[in-house]
Structures are given as C-alpha cells and as structure tokens.
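Form predicted alone, single chain, as structure tokens, below.
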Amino acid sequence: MVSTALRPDPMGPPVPARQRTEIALRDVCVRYPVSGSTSKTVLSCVDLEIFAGEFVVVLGETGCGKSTLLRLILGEEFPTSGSVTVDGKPVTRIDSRSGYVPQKYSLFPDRTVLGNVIYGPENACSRVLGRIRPSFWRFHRSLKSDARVFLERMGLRSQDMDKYPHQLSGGMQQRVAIAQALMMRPPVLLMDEPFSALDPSTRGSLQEQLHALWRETRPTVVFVTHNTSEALLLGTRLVLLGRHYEEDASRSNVLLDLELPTSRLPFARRKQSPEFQELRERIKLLAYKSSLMNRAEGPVEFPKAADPQ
C-alpha cells in the first residue's frame, strides 16, 4: 500500500478543495467505422468528473484514447454516445473556455514571438474596441506587457520577443505555444503530450515552469502523457486509460482514477520520494497486465517479478 503520510508543501497545499465540477464526462463512448458494418471502439463507458483547479494527468499507451478524450473536452470531436460538459454547459463547439497546447506547436511563421502570444486576445477584442479607437491601443499596450510577463515566466529573454518562430529552437517554440494558450486565461487548459519531443533538460525545465504557473493561476489542467514519471511529477490526480483489443467494448477504458499522494510533497522532492517510486512501479505493472489481458484469449499467469518495462 502506498503511504499517504507526507509532509505538506511549504508553499501551500497544491491540491485544491473539491468545490465545483469543471468538466464532466458521462458514460462516454467513441466508435469509428472501420469497414462495412464493423467499427472500432476508442473510448467506452468513460465516467469522469474533474473539479475546478485540479491538475489531472491522463496516462496510457498509444491508441488508448488519450488524445480523443482531449478533443471531446475541447469540442473538436463529439461522442458516439454519452455527454461532455464544461462548466455545466454541453460542449457543442470549440470555444474560449478551453485553451489547447498540442504536441506539435502551431505558431504563425509571419508573426514575432510577441505577436504570436497577443494574437488571440487581440483578435477577440478588436471587433469590440475597434482598431482606430484610442482605447484599443491602450489595450494593445497592456496585452504586450502581459505577454512579456508570461514569456519571461516560460524562460524566454527580452531579446527573444521580436524573433520569428524559425529563429527559435523546438523547446523555445513550445514555451511560446504554452504562453500563447495561457494569455487567453482559459479556465480549462488541455495539453496533449506537449513535452514529448523535447530533450530531457528542456523537458525538466518546462515541467517546473508549468507547475509554478499552475500554482499561481490554478486553471483546471488536463495533461496527456505516456510518461509515468512525468504524470506522477506534475499531477494532483492520475487517470490511467487502457486500450481496447478486438471488439471488447463491454467495459470502461479507465483502469485507474487516483488522487496522487506525491502532489503533497514539494515539487523538487517528488522524484526522490519512496511514494513516487512505489506508485511508478505499481502503475507500470497495472498497465502491463491490462495489455496482456487484452491480447490473450484466456487467463494469464502474471510473473511476480517487477514490471519488465
């Protein structure tokens, strides 16, 4: 059993009190037609309630429906059956309640770093204020000031603000993409494996900066990853998804829904804690067993040794 007797974070408790449901998925199923009358089930019987201010990490192997789950919340895709709500309202389209950071950053190549980050809020308000009115230009100056703060918090220097995306490294471009999403101040932030293509040093730096920003502004974060260590490092709660094999759509994809005791530790100490190591091995073994069971035709005898991965 994983111990929960952890010392509190001296910077304040990172786990928010459960007061309001921000995102709700009720008996959600997603199926895609394959050929003829057959279909492929990606998500089945998914029931999730995500509370305002939580940092929920969605973990699982390739093809288990992690990105599909994000697209449902974003409103880019809709369930075959069941319902998805954000802030109590049905998701029927993409709107400003949810910010989105993809795995592959999508910056405008003809706009500077600063221009990319202010584009969203500037475009949203330009029709209201009118670009020829003095109030718009006061708003524009305020946006640039806010954008600089977000970019500096994500590790960019003042001399980087006027560069174009092609002049930045991949890690720097991803920092800009995160600042771009945060500038809209969305109550929900959806992140689809945003650090997976980065080198370990850059990845570690961005993890720390993202966590610090989340602590300050407390959006509801749904963060998709296939990296168990990253999940345990960042999240206050972990949702482990499994993949359907053959046509088994009779049970939920959700293998585990767990509030993470490691989130009560100071960020810098989490990876060194016994709780972190124990949880990591437990989750890897659970995912491995699920994979074997899905592939096997009959009962599987699991070895007593640690996770072979």
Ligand SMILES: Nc1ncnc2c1ncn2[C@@H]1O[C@H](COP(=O)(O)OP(=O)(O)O)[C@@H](O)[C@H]1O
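Values in this document were obtained by computation on a predicted structure and should not be read as measured data. All residue numbers refer to positions in the sequence shown, first residue = 1.
Quick note: we don't show the form predicted together with this ligand, though the next part is all about it.
**Q** Should residue 40 be counted as a contact of this ligand in the predicted complex, where contact means heavy atoms within 4.5 Å?
**A** Yes, residue 40 is a contact residue.
**Q** Against this ligand in the predicted complex, would residue 62 count as a contact residue? Criterion: heavy atoms within 4.5 Å.
**A** Contact with this ligand, yes.
**Q** Look up in the predicted complex whether residue 148 has a non-hydrogen atom within 4.5 angstroms of this ligand, and give yes or no.
**A** Close contact is absent here: in the predicted complex, residue 148 is far from this ligand, nothing within 4.5 Å, heavy atoms only.
**Q** Can residue 71 be called a contact residue for this ligand in the predicted complex at 4.5 Å between heavy atoms?
**A** Close contact exists here: in the predicted complex, residue 71 approaches this ligand to within 4.5 Å, heavy atoms only.
**Q** Looking at 67, 273, 44, 263, which has any heavy atom no more than 4.5 Å from this ligand in the predicted complex?
**A** Only one option qualifies, and that one is 67.
**Q** Picking from 265-273, 279-287, 54-62, 252-260, which part of the chain touches this ligand in the predicted complex when contact means heavy atoms within 4.5 Å?
**A** Of the stretches listed, the one contacting the partner is 54-62.
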